[in-house]
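Before any questions on how it binds or moves, here is one chain, the form predicted alone, in structure tokens.
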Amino acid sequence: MSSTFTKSTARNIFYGGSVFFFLLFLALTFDTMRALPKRDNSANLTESAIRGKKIWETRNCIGCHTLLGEGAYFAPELGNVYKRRGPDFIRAWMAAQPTGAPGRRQMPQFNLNEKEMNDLVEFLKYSSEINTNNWPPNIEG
């Protein structure tokens, strides 16, 4: 390499690097857009799951829980709770809140009717079937 680093050399490195990383960005974006439709589980999206997502949003569940890594970290990850615990456990847990156990964080009672509870469970089932590439790494969330 030359012992002098000229303005022209710096400019060529800058432009060459910029073009390289821009092309790399485009390639990664293309690869992601090609892979996502195979993993999104949209074929299993039901009206019940859509209503359940609306309940998830209006009750601000993401204010405490995470879903597929997004949200708050105050309460457990729920992206795989359907697989870990099952629908009956989810219904029983929601109905038993707040537990009143001293020294524990408490989930509020949302007073969901049976239809709303079934919709929420259906949304959690749908979420658990999304191919997340093994996220979260810990099965307990």
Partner chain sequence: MQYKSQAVAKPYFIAAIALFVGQILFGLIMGLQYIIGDFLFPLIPFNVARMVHTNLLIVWLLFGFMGAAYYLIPEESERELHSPKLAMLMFWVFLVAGALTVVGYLAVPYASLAKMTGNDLLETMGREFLEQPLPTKIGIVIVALVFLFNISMTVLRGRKTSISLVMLAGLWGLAIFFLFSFVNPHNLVKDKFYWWWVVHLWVEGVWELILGAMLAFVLIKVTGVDREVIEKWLYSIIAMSLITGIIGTGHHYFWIGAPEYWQWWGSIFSALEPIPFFMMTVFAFNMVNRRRRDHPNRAAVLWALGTGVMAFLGAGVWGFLHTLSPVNYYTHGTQITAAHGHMAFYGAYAMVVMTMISYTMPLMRGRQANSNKSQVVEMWSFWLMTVSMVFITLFLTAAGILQVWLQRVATSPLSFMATQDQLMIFYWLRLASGVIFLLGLGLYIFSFFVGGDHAENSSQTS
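Positions refer to the first chain, counted from 1. The structure presented is a predicted model; accordingly, all values stated were derived computationally and were not measured.
Although not depicted, the form predicted together with its partner chain is the subject of the following passage.
- Using a 4.5 Å cutoff between non-hydrogen atoms, residue 73 counts as a contact of its partner chain in the predicted bound form.
- For the chain shown alone, residue 96 is not a contact residue for its partner chain in the predicted bound form, no non-hydrogen atom being within 4.5 angstroms.
- Using a 4.5 angstroms limit between non-hydrogen atoms, residue 113 is distant from its partner chain in the predicted bound form.
- Shown alone here, residue 117 lies farther than 4.5 Å from its partner chain in the predicted bound form, counting heavy atoms only.
- Of all the residues from 10-44, those having a non-hydrogen atom no more than 4.5 Å from its partner chain in the predicted bound form are 10, 11, 13, 14, 15, 17, 18, 21, 22, 24, 25, 26, 28, 29, 31, 32, 33, 35, 36, 39, 40, 42.
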